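A single chain, nothing else alongside it, follows as structure tokens in the form predicted on its own.
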């Protein structure tokens, strides 16, 4: 290794990644983060220590061979890098953009013990983007000869697509049923264009189609056809329908015009492309002052989307402090750069309206109590601190519940008290023979990569099951 390379390898901070200027990006739906060029990617890859026991791989829910693909980037063998990633990950361009690497692979990085960890997510994105931007034909994984077995996958989100990918590689005939008109699940309807371009999701889904996976859209399982009916035709079934049922606070005024769930708001904008109206068929009312209630990634997506749609002021209302916000630090940082107003230690009491439309949201200030047994500080109202924020749109982003259609229409499918499907954590096996489940419909709302990990585990278990089935 040259002295120059040694210097690069010992760099304490990540190689900076180019971004759109905040004042410019706040008015468009183009990607915020622009990605590495070749020189930046190689410089970052050279920071990797190539550990003999790579803890980063243990932190990845789908066990991407991280040191191997980073080594290939450092050696400028970008084709080898993307092929290495695809041994484990069917959605590398997606994961490189939206995975919370900071609490998964990068959290385990040895470099990160004393310095900033290697930018694993940035490098994964680079490899995937390099393949696409070079105009190279996407190298399909080797698909084994047909086994004659058929598997149904319900839900074309991250869990379902990963399960379908792994089963198709083995040689099983896989059919994916998707309720909406496009495959991708939350990748299509939930995450905004400026964080994850829909063209990228579509291209990665095309890989599955070329492998022989059939994707049937506009198919609402539980209404159009039941799981039991699917099992008459298929040898096994995987359920990955997610947790997209909106939650509300139950306060006065939530039925006023101008109140959205974050799910409805983001689906209209992302999947239905309301931001291109009248070129699209689905308009959306944004208003001039928008309040988003919540502090997670979905709340950040909603408030930043509202800003881009023309809101003069976009506000986050969150009942705890900045430190307790569950959103990724990067998303909070980007939101603040773009001028989002944060009303922290604040909780809504009621939504005000006139002539059926929202005019404001009455809130109360909060204090944080001492940590309880869970270690979390509980927010407590400050008496007499009520105040009103004038707004004309309120977006509720306080969590979601399980999609109830499949559990309620499937006799003998065990669910817990919250309505989530009960499935073995390691295998995805449910109470019905041959039926497996994974992702948010089992765990509740989590990350894309965790759903993918569940899809991968279920695929392995389904394979073992099919080998025993005559």
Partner chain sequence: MAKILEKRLIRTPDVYYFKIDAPLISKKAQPGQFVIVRLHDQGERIPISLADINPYEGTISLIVMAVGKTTNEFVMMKEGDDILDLCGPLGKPTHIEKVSRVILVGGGFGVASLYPIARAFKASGSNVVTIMGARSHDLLVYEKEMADVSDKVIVTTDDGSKGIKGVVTAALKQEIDENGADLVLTVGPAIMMKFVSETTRPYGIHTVVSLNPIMVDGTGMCGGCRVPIGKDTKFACTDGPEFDGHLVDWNLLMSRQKTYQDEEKVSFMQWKKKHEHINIEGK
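Numbering follows the first chain given and starts at 1. Treat the numbers as computed from the prediction; the structure is a model and nothing was measured.
Separately, the form predicted together with its partner chain exists; it is not shown, and the next lines address it.
Which of 180-188, 142-150, 368-376, 111-119 lines the interface with its partner chain in the predicted bound form (heavy atom within 4.5 Å): Only one stretch qualifies here: 180-188.
Every residue of 223, 268 and 283 near its partner chain in the predicted bound form, heavy atom within 4.5 Å: All three within 4.5 Å in the predicted bound form.
Partner contact for residue 102 in the predicted bound form: its partner chain, 4.5 angstroms, heavy atom: The answer is no: residue 102 has no heavy atom within 4.5 Å of its partner chain.
In the predicted bound form, residue 260 touching its partner chain (heavy atom, 4.5 Å): It does: once its partner chain is placed as it appears in the predicted bound form, residue 260 has a heavy atom within 4.5 Å of it.
Residue contact check: residue 384 to its partner chain in the predicted bound form, 4.5 Å heavy atom: Answer no; every heavy atom of residue 384 is more than 4.5 Å from its partner chain in the predicted bound form.
In the predicted bound form, residue 246 touching its partner chain (heavy atom, 4.5 Å): Judged by the heavy-atom cut-off of 4.5 Å, residue 246 is in contact with its partner chain in the predicted bound form.
The unique member of 79, 273, 341, 350 whose heavy atoms fall within 4.5 Å of its partner chain in the predicted bound form: None of the others qualify; the residue that does is 273.
Contacting member of 87, 252, 330, 229, with respect to its partner chain in the predicted bound form [4.5 Å, heavy atom]: If I apply the 4.5 Å criterion carefully, the residue I get is 229.
In the predicted bound form: members of 13-31 within 4.5 Å of its partner chain, any heavy atom: Contacts from 13-31: none.
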